[in-house]
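Here you get one chain, nothing else, as structure tokens; it is the form predicted alone.
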């Protein structure tokens, strides 16, 4: 089987997603030819790619980042927003600018605010196993297992607040605890088998919503959140 030509580009973030990709690579090396900046000196390895993985949110105050995203969209058949900053804005939404040496470094958006995205894999960061599973399903054409990632590609915001509104307060919660286990900041705690949210700790990564079996089912069945 011919390897997929896969490009990874980071446009800003904490590097956690990048580490996750590098950790996933040993089990993908037989399937994909990964062009990642950490493994080369400069430039792109190929003129075009089967898949581009983008990490980090896009700073709308940086025209060069916006043009870079548009260029990647032209080079790649499929674009994946990997990690919550790329998918939903995540913790970068809290940036207010003013810090040196980048006083204008504010107003971050998910990359689907600038370009069309085919799949989003949220998480802060997503686990290496999620990327490995994605490529397994992608290369086998298993659209049913990719549907949640495809639906997520059109969402611009998702957080613990949405989980409370859509699932907990509507009585759909089954008290499984997936949201509590998946929250990277400990913002969600189960009390009497119902999630409660410490608002000041929610970083709007949306991981709880995607991992919730009821919420992910709603999205996969056709529910839309813009």
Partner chain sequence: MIGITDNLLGSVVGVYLARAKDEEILKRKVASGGAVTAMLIYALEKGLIDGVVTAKRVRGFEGQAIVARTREEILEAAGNKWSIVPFAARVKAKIEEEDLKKVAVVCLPCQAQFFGQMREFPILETDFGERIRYIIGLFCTGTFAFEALLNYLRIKYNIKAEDIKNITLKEGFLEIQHDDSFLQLPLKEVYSYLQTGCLVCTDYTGMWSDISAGFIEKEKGWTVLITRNIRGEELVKGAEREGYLEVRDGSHVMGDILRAAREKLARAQKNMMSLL
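Numbering follows the first chain given and starts at 1. Predicted model only: the values in this text are computed from it and were never measured.
The form predicted in complex with its partner chain exists for this protein as well; it is not shown, and the discussion that follows is about that form.
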Candidate stretches 24-32, 50-58, 167-175, 66-74 - the one whose heavy atoms come within 4.5 Å of its partner chain in the predicted complex: 167-175
4.5 Å heavy atom contact, residue 37 and its partner chain in the predicted complex: no
Give a yes/no on whether residue 197 approaches its partner chain to within 4.5 Å in the predicted complex, heavy atoms considered. no
Answer for residue 180 alone: is it within 4.5 Å of its partner chain in the predicted complex, judged on heavy atom distances? yes
Using a 4.5 Å heavy atom cut-off, state whether residue 129 contacts its partner chain in the predicted complex. yes
Please determine whether each residue of 18, 89 and 113 possesses a non-hydrogen atom within 4.5 angstroms of its partner chain in the predicted complex. no
